[in-house]
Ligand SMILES: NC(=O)c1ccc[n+]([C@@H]2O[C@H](COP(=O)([O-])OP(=O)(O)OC[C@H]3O[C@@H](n4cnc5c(N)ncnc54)[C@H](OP(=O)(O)O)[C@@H]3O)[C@@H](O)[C@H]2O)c1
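Encoded as structure tokens, the following chain is the form predicted alone, with no partner shown.
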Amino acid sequence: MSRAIAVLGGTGPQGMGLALRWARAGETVIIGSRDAARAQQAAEKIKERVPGAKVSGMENAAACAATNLLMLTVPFEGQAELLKQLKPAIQAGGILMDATVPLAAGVGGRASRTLGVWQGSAAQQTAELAPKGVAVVAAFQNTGADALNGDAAMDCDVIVCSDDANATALVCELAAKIPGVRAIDGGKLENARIVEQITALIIGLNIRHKGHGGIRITGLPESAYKTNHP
């Protein structure tokens, strides 16, 4: 795949982690931010860890204009506003991956549950706000930022949900480029509501047991799992 991946909101922990992993896999990555200088600083940090990495930093709208393969990694409370701002810059015919989870903060500011979303899920809200002709794909909600930003192989599966089969296949390919990740076609975009809800459970388990757990789906035929690793 030759297209660059623009990670919108990419200076946050999850965006940085995905950018780091894809840079290590040889992908061309653009880190997007509201502040171009901050995005460029984030890109330099990744280059320090991955010599020769093809990573740059841009303001979010410029990142959208530079490629039609986008990854949205922002908190739920900022999702709708950002998409409305970026709508004119998002290219028709592109792919918009979304890792947003509608988390509600509990005691001590910790995410304890998911919020209800009128559209059904954060990903479905993205589909409603994105320009027509853009394929929205829900993925990476259950991949922990701490693990993504580490050096070890991941220990998780990524469930990919979309109403566009070609977009699902491409995102599964991208997910499988991350060591230790298996990608699984999770069906239609509406299934993202289930995947998003799992995130709050995983966060609670990791807090309770002081770990960095993910999910694994077992018992499916080998053909169900997309992986580039033994």
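Residue numbers here begin at 1 and follow the sequence given. These numbers come from a predicted model, not from an experiment.
Omitted from view is the form predicted together with the ligand, to which the following refers.
Residues of just one listed stretch (87 to 95, 124 to 132, 154 to 162, 140 to 148) have heavy atoms within 4.5 Å of the ligand in the model of the complex: 140 to 148.
In the model of the complex, the ligand stays beyond 4.5 Å of every heavy atom belonging to Lys177. For the chain shown alone, Arg34 is a contact residue for the ligand in the model of the complex, at least one non-hydrogen atom being within 4.5 angstroms. Although the partner is absent here, Gly211 lies well away from the ligand in the model of the complex, with no heavy atom inside 4.5 Å. Though the partner is left out of this view, Ala99 does reach within 4.5 Å of the ligand in the model of the complex, counting heavy atoms only.
Taking the partner from elsewhere, no residue among Ile5, Gly26 and Val50 has a non-hydrogen atom within 4.5 angstroms of the ligand in the model of the complex. Looking at 68 to 85, the residues that come within 4.5 Å of the ligand in the model of the complex, counting any heavy atom, are Thr73, Val74, Pro75, Phe76, Gly78, Leu82.
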